[in-house]
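For reference, the chain that follows is the form predicted alone, supplied as structure tokens.
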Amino acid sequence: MRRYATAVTLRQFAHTHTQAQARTHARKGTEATVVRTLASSASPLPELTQISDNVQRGNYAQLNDKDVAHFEQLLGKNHVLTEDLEGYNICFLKRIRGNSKLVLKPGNTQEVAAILRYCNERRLAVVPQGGNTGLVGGSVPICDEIVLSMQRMNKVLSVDEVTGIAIVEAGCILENFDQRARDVGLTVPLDLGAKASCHIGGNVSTNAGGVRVVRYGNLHGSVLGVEAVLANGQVLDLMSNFKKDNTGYHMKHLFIGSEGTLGVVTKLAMLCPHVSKAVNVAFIGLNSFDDVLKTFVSAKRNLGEILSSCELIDELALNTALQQFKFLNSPISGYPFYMLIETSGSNGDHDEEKINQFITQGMERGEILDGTVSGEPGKVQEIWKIREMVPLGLIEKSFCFKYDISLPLRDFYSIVDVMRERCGPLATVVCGYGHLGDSNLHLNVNCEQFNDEIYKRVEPFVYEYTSQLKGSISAEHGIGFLKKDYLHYSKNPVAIEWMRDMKKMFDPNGILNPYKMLN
């Protein structure tokens, strides 16, 4: 009989792993270890990643003046940047820093195709880049790759209020896309904290999740079709205006979540649901994670079709955000766990009655200790702002190890307790928050300053623990550069080998986003 790991057996695993790792480090003595500094928002620029991580540059050509002149003729000088490239070279968390000397800003699919055709012939490496809000170093250079910025391809081409289908260019900012959809009574089925700067093409390329997966599912279902340019400049038109199109292989799925390693997404078709007439948000306090699970089950049963989001924030995560951002105002405080539950429906009175009854029953059972409910748009926005500022609060003034993992719901929070015990006084904060509705935990381990001792306590243990629980080492952020060495914890060798073969078929010269995803 196969025995699956439980939280108890994994706590035992954590203890033995600590001892074993200590023995391993003792045997290694002074052997050099590659250590990646995880920065705070106020930290200085990191060292070039090629140097800090000892990355061997691929067998690519060196950019020269003739190449730059070619691109200037193709795009115009205003769209070929060779100076002030720091913002394109450094990732959002200042963990990764590349050394690109050239940023190209195409204005349409044909220009993207011409750029990639030329780069493929010259063997010049390219990294596609959207809003550069990713957390795994997937959208910045590692060495000196050319940055292919999608900023100019930012149009919403059409929104059909009858079919609900929107056609949009990859460089469109998510918030702008959603506003255009709302102009005709629709909404984009994706909502992220970075919506004011992230690009929809980047969202699709990383299969971003966000806060409403519990209602709308992930992008594999919402995206009806894509247009992508392959490494050789060939344009692959996989656009569709139908949910049902059962004609052969659904190749669009290859580009959803492939992080620009198989092709560059330039356009997509998305199914947008109608805006809900009534939105209510409850912010509730609970005493234990067991009560959290009971409340989640109750929400699924009693809120049913109107449940649109179910978020978890633990006490330390909330308190850190409140300390860093004085403009935040939590309606309740003093509880070990908090849940943000949103409903969206078409009948305000009906929805309000359901969510109030849900909370009343939870309080009568002793599962919910306190809470507040609001359907007033300003109050709803205030409550959501608390959730959105939590991740930023954790990187504001300290070093933070951030992990985006999927875990079985019964063991969703166990890793937080294990990491607190494992890191001890080395960590100032160990906390968890995330999308409870789709089993996606954001684990954070903070310390005053980066040090090698806590780094060894954290990695690769977090991924080993997650693997033991049959979880995923990346729920929604992708693999990028930071997680490429750990892919084997979630994918077996046969699957990884097929991924390599697929990469070679689509990009035989390996020019698209090298050093990412596959080690």
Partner chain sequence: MISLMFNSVATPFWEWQRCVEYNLWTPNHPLSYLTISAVARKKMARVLVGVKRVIDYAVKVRVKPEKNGVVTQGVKHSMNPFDEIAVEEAVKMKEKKLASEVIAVSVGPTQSQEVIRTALAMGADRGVHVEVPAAEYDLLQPIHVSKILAKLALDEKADLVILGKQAIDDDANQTAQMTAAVLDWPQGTFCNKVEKTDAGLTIAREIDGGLETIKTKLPAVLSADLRLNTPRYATLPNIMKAKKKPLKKVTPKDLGVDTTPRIEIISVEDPPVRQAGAVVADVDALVAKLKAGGHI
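Numbering follows the first chain given and starts at 1. Since the structure is predicted, the reported quantities are computational estimates derived from the model, not experimental observations.
Another form exists, predicted in complex with its partner chain; not displayed. Remarks below refer to it.
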*Name the residue from Asp237, Glu161, Glu448, Glu376 that puts a heavy atom within 4.5 Å of its partner chain in the predicted complex.*
Glu376
*Identify which of Glu72, Glu396, Glu315, Glu382 has a heavy atom within 4.5 Å of its partner chain in the predicted complex; exactly one of them does.*
Glu382
_Stretch in contact, per heavy atom within 4.5 angstroms of its partner chain in the predicted complex, of 187-195, 148-156, 359-367, 239-247_ = 359-367
*Is there any non-hydrogen atom of Pro336 lying within 4.5 Å of its partner chain in the predicted complex?*
no
_Under a 4.5 Å heavy atom criterion, is Leu392 part of the interface with its partner chain in the predicted complex?_
no
*So, in the predicted complex, is Ser330 in contact with its partner chain at a 4.5 angstroms heavy atom limit?*
yes
*At the 4.5 Å heavy atom threshold, is Gly371 in contact with its partner chain in the predicted complex?*
yes
